[in-house]
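Just one chain follows, in the form predicted alone, and it is written as structure tokens.
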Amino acid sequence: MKFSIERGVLVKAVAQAQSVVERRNTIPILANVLIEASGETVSFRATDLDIEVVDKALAQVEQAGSTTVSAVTLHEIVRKLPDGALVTLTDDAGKGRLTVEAGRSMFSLATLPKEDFPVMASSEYQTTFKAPAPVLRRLFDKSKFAISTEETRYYLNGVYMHVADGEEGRVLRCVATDGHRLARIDAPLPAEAESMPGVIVPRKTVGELRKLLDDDEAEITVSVSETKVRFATPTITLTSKVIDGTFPDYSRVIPMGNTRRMEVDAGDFAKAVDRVATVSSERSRAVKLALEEDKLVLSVNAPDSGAAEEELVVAYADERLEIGFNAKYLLEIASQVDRENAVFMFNSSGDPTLMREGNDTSAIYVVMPMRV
């Protein structure tokens, strides 16, 4: 195998592959990327047995062939080569070596036989549909902060992507929760997606998927089965197993009867929470919100390190209310707001609070209060 490829194209393709590879694994071949050259394209395939990514790139292929080489090492080498360099990769199967040449630099890397490389079994997908990259980016970006990291409740370790009934008809919905906060994001239902089975997309897959969604013009082909999900652009295909579990009935924790309405500038609110939380070194960092007509007082009282208080002008016309929240949760939720104003709907100091952007109900967040 021998081919030449522009350094920028190569670094992008190898970067996607090496991020899937697990740094610590007991199977040596899983640390490698499978490189296959034929025609005018080279494909780079990496897997951790749960996720597989294949990135295709244009190259000048002199000799077709394939081999596997350490993904991390190849990425580090290519990353450090000068911009615009033409990189030539030559595989000597007899010696078990891959030579990487660019200008006056030359590297010789150990390879492993391609026959040992595991390829994810192809799956029959029940549903395939297309969605614009910005739509999927919004669904996953706005929900992923609420993914649980608790391994015991493994069915919460991902984003639940499913078809649901929205206020104006059927929607494609992503939900994530860790029991303390919840994010529910809706998008118009793409054609062909109606019969899609609901799947829980794992946390790592959500992180890898983000790299496919940067191009605003891209159209992503999404294929879903009961056990796998695949996201594909013309050059990159990301296939992942889904979490085998049942996502809980999240609709039960979304409060419908909260009537106390507070509207606040989301940026000012986030900065104020961040400032008052500075005095507390505790991980839980409880922030107290004291609400009265058109006024919000944020305060933190940490006996060991001090106290802080800040006042904000808000739109609020209900009776006085005091309620406490974990500062980290408030900050994460406030940072999801794309518009100027965030609307909080309260019931009492012990009930879940709802947050949305203005009157837009396509993205809603729920956060549980804390005792303060």
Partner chain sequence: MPALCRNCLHEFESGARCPKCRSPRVVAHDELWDLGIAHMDCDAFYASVEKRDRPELAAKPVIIGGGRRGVVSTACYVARIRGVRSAMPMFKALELCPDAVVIKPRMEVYAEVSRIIRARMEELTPAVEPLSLDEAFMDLRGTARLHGAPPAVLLARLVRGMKDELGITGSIGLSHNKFLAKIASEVDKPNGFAVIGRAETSDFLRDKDVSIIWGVGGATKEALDRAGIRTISDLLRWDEAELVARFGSMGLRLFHLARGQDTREVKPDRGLKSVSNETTFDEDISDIDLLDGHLWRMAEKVSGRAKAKGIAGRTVTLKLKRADFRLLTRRVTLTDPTQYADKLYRAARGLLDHAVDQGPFRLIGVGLGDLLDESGADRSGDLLDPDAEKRARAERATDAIRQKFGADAIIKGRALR
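These numbers come from a predicted model, not from an experiment. Numbering follows the first chain given and starts at 1.
Here the subject shifts to the form predicted in complex with the partner chain, a form of this protein not shown in this document.
Checklist entry - Tell me, which of Asp214, Glu150, Glu293, Glu167 has a heavy atom within 4.5 angstroms of the partner chain in the model of the complex? => result Checked against the cut-off, the match is Glu150.
Item to check | Contact residue in the model of the complex, from Arg261, Arg275, His180, Arg97 (heavy atom within 4.5 Å of the partner chain) | outcome: Exactly one residue meets the criterion: His180.
Item to check | Exercise: Ile220 in contact with the partner chain in the model of the complex, heavy atom 4.5 Å | outcome: No, Ile220 is distant from the partner.
Checklist entry - Is Met1 close to the partner chain in the model of the complex, meaning a heavy atom pair under 4.5 Å apart or at it? => result Looking in the model of the complex, residue contacts with the partner chain do not include Met1, since no heavy atom lies within 4.5 Å.
Checklist entry - If you check in the model of the complex, is Ala286 within 4.5 Å of the partner chain, heavy atoms only? => result It does: once the partner chain is placed as it appears in the model of the complex, Ala286 has a heavy atom within 4.5 Å of it.
Next on the checklist: If we define contact as a non-hydrogen atom of the residue within 4.5 angstroms of the partner, is Val253 a contact of the partner chain in the model of the complex?
Outcome noted: Val253: contacts the partner chain in the model of the complex.
Next on the checklist: Within 4.5 Å of the partner chain in the model of the complex - does that hold for a heavy atom of every one of Phe145, Gly158 and Pro202?
Outcome noted: No: none of Phe145, Gly158 and Pro202 comes within 4.5 Å of the partner chain in the model of the complex.
Next on the checklist: Partner absent here, but in the model of the complex, which of 129-137, 223-231, 180-188, 263-271 has residues with a heavy atom within 4.5 Å of the partner chain?
Outcome noted: In short, 180-188.
Checklist entry - Which residues in 333-372 have a heavy atom within 4.5 Å of the partner chain in the model of the complex? => result Counting only heavy atoms within 4.5 Å of the partner chain in the model of the complex, the contacting residues of 333-372 are Pro352, Val366, Met368, Pro369, Met370, Arg371, Val372.
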